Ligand code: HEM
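Only one chain comes next, encoded as structure tokens, the form predicted alone.
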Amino acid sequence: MLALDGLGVAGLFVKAAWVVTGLWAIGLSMQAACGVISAREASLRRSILVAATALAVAVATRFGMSAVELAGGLDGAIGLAGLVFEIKQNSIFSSATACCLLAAGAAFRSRLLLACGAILAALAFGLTGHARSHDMPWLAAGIVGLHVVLAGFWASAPLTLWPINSLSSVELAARNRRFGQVAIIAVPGLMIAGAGLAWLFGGGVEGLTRSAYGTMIAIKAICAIVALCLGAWNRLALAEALETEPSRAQPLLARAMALDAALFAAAILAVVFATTIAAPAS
């Protein structure tokens, strides 16, 4: 387990910003690509443009922070920028291309461009860090990308399913139903990919049960299981009620989305801590 000093805390925040903006951009884009929300909706297009811009800034900030961390401070960071770029160039190029595709998808209302941008943005997470140093880097990168794109779709639910005045009860019910139809396929894939990554990076059962990394992954898994139970309750109990009794169901949906948001935030923090401070064995 790595020590956490001032520079480490800054690096932790920068990485968290990268993860959050990435999931934000990926999630909204995948929801549009899957038809949960119309890609023609002006508010969604604006949100994706903002998210893509925020992701680009986060990637650039993380690149600079990596050079500072490698140099041990600001002195010498510029001299090490070339080395950092060489190490992270695949991830940087993937992120840059993704941001361009997301912006184009939002501008031209293209579900295909949004899907491609989201997939590339997710793949960027697997082209750096521990996946890059794994014995089978492309396999690890692919699993990370799959996990991130599915996590983004799921984690963006509070942003799109929260009852708001500008969204009619009919539109909200339809959106919630469509989200559930996609989630019933996406979430099992997310869980399987997450378990595979824990096994690959955690060093098997022994590594996961005897390390801080394993503890953080366990916290993430608990958050995911609770969120999964909320999702099941939403699909089985709320989906129909949103259509037949919207005045009663919408406040319940808002509370569920608030709890989901808190669970996703805790899971993201656990992952960032696990991959930054509690370094995995591989």
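These numbers were taken from a predicted model, which means no experiment stands behind them. Residue positions are given as counts along the sequence shown, with the first one as 1.
Quick note: we don't show the form predicted in complex with this ligand, though the next part is all about it.
Of the stretches 109-117, 157-165, 175-183, 143-151, only 143-151 has residues with a heavy atom within 4.5 Å of this ligand in the model of the complex. Scanning Ala96, Leu190, Ala77, Ala103 against this ligand in the model of the complex with a 4.5 Å heavy atom cut-off leaves one residue, Leu190. Just one of Ala224, Ala58, Leu44, Ala256 comes within 4.5 Å of this ligand in the model of the complex, counting any heavy atom, and that one is Ala224.
In the model of the complex, this ligand lies within 4.5 Å of some heavy atom of Gly194.
A residue is said to contact a partner when one of its heavy atoms sits within 4.5 Å of a partner heavy atom; Trp24 fails this definition for this ligand in the model of the complex, lying far away. In the model of the complex, Lys88 stays away from this ligand, with no heavy atom inside 4.5 Å.
Residue contact check for Val19: one or more of its heavy atoms lie within 4.5 Å of this ligand in the model of the complex. In the model of the complex, the residues of 259-273 lying within 4.5 Å of this ligand by at least one heavy atom are, in order, Phe264, Ala267, Ile268, Val271.
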